[in-house]
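Given as structure tokens, the chain that follows is alone and in the form predicted alone.
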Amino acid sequence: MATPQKADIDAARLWDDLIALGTITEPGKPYTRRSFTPLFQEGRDFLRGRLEAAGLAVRIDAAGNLIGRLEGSEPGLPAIAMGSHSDTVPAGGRFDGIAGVIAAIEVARAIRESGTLLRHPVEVIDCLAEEPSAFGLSCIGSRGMVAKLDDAMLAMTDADGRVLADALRAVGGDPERIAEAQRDDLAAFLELHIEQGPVLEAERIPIGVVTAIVGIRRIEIRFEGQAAHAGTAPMHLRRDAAYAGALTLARIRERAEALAAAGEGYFVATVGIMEVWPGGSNVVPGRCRIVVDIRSSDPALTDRFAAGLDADSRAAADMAKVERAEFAILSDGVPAVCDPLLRETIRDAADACGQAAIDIASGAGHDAAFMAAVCPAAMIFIPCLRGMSHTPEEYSTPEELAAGTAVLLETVLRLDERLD
């Protein structure tokens, strides 16, 4: 029997895989590979091929997660899992989520090729639909693994009337057996990710050890007024739904700035969707829809903001003489604190790899935040150009990706010894 060699990543292969996956995109809209689309499935086929070529056993669970598994030497030990997501936002980047999946594949490949046999099984997980999907729900796969994907969510529909449960079946999931996706057999979950912020690049630090991940609540508000001719409807008689939306948007900014300035915890709120109907320049809008994205490190701040938003949107409807037809929570994710032992192990691994590291909080949501409900979870951040993300200009260098992946590998090797 050959003596195992020290496991080491192949930086060139790692980069080639990331770039190759990035070519699977809408040609005129790089880099777009939305969940539940044919292009997403093509990306999944690419990943499945890489996992199988690496010698991992591959399956898709009931929640639609693509999972590759490398068995350990001690039967019954829980698995050390790594991963992220391969879907993108429209016209997004090649690194957000994708870097974490590709890095996890490279780590598993390096372990197997070196002949190293870990005590624990190792899993690579491509979590389904981390980005907000066409159904208005994010982190679908990781929700399924922590029993947070309920019947009401599975009944959500997209703009074409397609039901999420049917879309889940189309990617290999099984909504009738969704409970089987819940995990109680994981020793840890590790997620490598670009920072999506400017701190690491500005400080010239290659590794960020994530301390906590914000919770995200998304609220949809709809106003119903009366469409009218823009020239003949007197101002005092208008029932302008867009006016109610604008009043609400202004209060969102005011409340968010006040909460952020109070210093009680990290807090931001954003309106990234504001739609009006019928959408003519000479028509008073009869309907308006806004979606509010609320992020905080403290659930109490989110609750306080949401209560204020409820009151503000009602007042805006009254002022605009319209009806507030909807105030609905689309999704709600709690903040997650990264596991202290995993964070310590990441710092030790970075030091062993000769990489400087700093503690850093995540203002973006991640699958790891959900996974923390069923096992210890932690994240490794790598720098990204000017902190840009969710844009085609999103970029980390080959050296930055390789450094983060090497730290991920060393972390897995150390956890295999430290964890029971």
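Counting begins at 1, following the sequence as shown. We call the rigid core the largest set of C-alpha positions that still match within 1.5 Å between the two forms. Model, not experiment: these values are computed from the prediction.
What comes next is about the form predicted together with another copy of the chain, which does not appear here.
Chemist: Only one of 121-129, 344-352, 272-280, 97-105 gets a heavy atom within 4.5 Å of another copy of the chain in the predicted bound form; which is it?
Modeler: Stretch 272-280 is the one.
Chemist: When the contact criterion is heavy atoms within 4.5 Å, does E393 count as touching another copy of the chain in the predicted bound form?
Modeler: E393: yes, in contact with another copy of the chain in the predicted bound form.
Chemist: Within a 4.5 Å heavy atom cut-off, is M388 in contact with another copy of the chain in the predicted bound form?
Modeler: Although another copy of the chain is absent here, M388 would touch it in the predicted bound form, with heavy atoms inside 4.5 Å.
Chemist: Any chance A152 has a heavy atom within 4.5 Å of another copy of the chain in the predicted bound form?
Modeler: No - in the predicted bound form, heavy atoms of A152 and another copy of the chain never come within 4.5 Å of each other.
Chemist: State yes or no: in the predicted bound form, is some non-hydrogen atom of R324 no more than 4.5 angstroms from a non-hydrogen atom of another copy of the chain?
Modeler: Outside the cut-off, so no.
Chemist: Here the chain is shown alone; which of A316, L192, V284, A181 has a heavy atom within 4.5 Å of another copy of the chain in the predicted bound form?
Modeler: Among A316, L192, V284, A181, a heavy atom within 4.5 Å of another copy of the chain in the predicted bound form occurs only for V284.
Chemist: Counting any non-hydrogen atom inside 4.5 Å, which residue from A307, L117, A250, I329 sits next to another copy of the chain in the predicted bound form?
Modeler: Exactly one residue meets the criterion: A250.
Chemist: Since the partner is left out here, which residues of 242-257 would have a heavy atom within 4.5 Å of another copy of the chain in the predicted bound form?
Modeler: Contacting residues: A242, Y243, A246, L247, L249, A250, R253, E254, A256, E257.
Chemist: Is there a C-alpha shift of 2 Å or more at A233 between this form and the one not shown once the rigid core is superposed?
Modeler: Shift of 2 Å or more: yes.
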